[in-house]
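Only one chain comes next, encoded as structure tokens, the form predicted alone.
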Amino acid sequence: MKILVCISHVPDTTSKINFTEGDTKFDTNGVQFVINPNDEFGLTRAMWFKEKQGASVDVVNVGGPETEPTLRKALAIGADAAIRVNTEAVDGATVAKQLAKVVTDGGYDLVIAGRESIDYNGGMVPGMLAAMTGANFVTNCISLEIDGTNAKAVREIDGGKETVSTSLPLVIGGQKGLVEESDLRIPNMRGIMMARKKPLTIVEPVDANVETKSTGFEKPAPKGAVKLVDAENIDELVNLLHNEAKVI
């Protein structure tokens, strides 16, 4: 079984976010980048298939040279090879088209992507990728078992869970629950050294029309000052909640 894990290069959630050029560009200065958490759950599950079922695992990213340390980390975790599509990840449709070419050329049986990335939270790429490659698709996936060409997946739905039986080729949008957080792997020294010898192939992008464009960014408004009310002054508290906060 050939598995391809899609890796997004995203800012760490503890990073301070700023914008430049009139709030039209994301400022990467001083920002620490990591593997998208939803993708990391998927990569860990792929490693289980590699170790238990003898699957081969490749990772792929659409982006510039700045994303290569993130791909190298995925190799250090245990992936066999990495692919970087040498173009900026402008929007979901463009990324999906680039990934579809990689999937088709590589003949992958299973593609594991994150349900969404934590930077733009579009949640579009896995579904579009499945449509472009003619694969079955399960999103919000929290469990995945493969037996030959048959697959059994569990996904979150409103109010509960749904179990789905399907077959390969398959694209999933994984998330927390696909593996336990305690199962996530931190690269050790041996993995880091081996990652340096593993292939990282750079491929040129296919032509793709950019369907959307970000025209500006805006930070959330700062929180207002806190008003403290004496515990004995219930009338003032009720007045503030009613006339100022307007919640009662």
Partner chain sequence: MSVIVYTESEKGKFKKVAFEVVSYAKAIADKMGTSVTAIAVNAENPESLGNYGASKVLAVNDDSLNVFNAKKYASAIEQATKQENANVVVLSSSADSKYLAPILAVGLEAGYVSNVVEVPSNTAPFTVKRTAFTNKAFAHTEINTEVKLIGLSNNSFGLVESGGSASVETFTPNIPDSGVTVESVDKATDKVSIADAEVVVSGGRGLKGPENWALIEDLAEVLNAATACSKPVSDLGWRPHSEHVGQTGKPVASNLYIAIGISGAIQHLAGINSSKVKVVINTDPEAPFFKAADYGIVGDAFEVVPVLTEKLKAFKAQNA
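Positions refer to the first chain, counted from 1. Rigid core (definition): largest C-alpha set, two forms, superposition within 1.5 Å. Just so you know, these numbers come straight off a predicted model, no measurement behind them.
FYI, the form predicted together with its partner chain isn't displayed, but the following is about it.
Engineer: At the 4.5 Å heavy atom threshold, is K213 in contact with its partner chain in the model of the complex?
Structural biologist: K213: contacts its partner chain in the model of the complex.
Engineer: Should K176 be classed as touching its partner chain in the model of the complex when contacts are defined as heavy atoms within 4.5 Å?
Structural biologist: Heavy-atom contact with its partner chain at 4.5 Å: present for K176.
Engineer: Any chance P37 has a heavy atom within 4.5 Å of its partner chain in the model of the complex?
Structural biologist: Close contact exists here: in the model of the complex, P37 approaches its partner chain to within 4.5 Å, heavy atoms only.
Engineer: M1 versus its partner chain, in the model of the complex: is there a non-hydrogen atom within 4.5 Å?
Structural biologist: Looking in the model of the complex, residue contacts with its partner chain do not include M1, since no heavy atom lies within 4.5 Å.
Engineer: Given that the partner is absent here, state which listed stretch (44 to 52, 180 to 188, 196 to 204, 63 to 71) has heavy atoms within 4.5 Å of its partner chain in the model of the complex.
Structural biologist: Single hit among the candidates: 180 to 188.
Engineer: Between its partner chain and S56, G107 and A208, in the model of the complex, does every residue show a non-hydrogen atom at 4.5 Å or closer?
Structural biologist: No, because S56, G107 and A208 lack any heavy atom that approaches its partner chain to within 4.5 Å in the model of the complex.
Engineer: Using a 4.5 Å cut-off on heavy atoms, what residues in 126 to 158 are near its partner chain in the model of the complex?
Structural biologist: In sequence order, G127, M128, A131, M132, N136, F137, V138, T139, N140, R155, E156, I157, D158 come within 4.5 Å of the partner.
Engineer: Has the Cα of D235 moved 2 Å or more between this form and the one not shown, judged after a core fit?
Structural biologist: Yes, D235 moves 2 Å or more.
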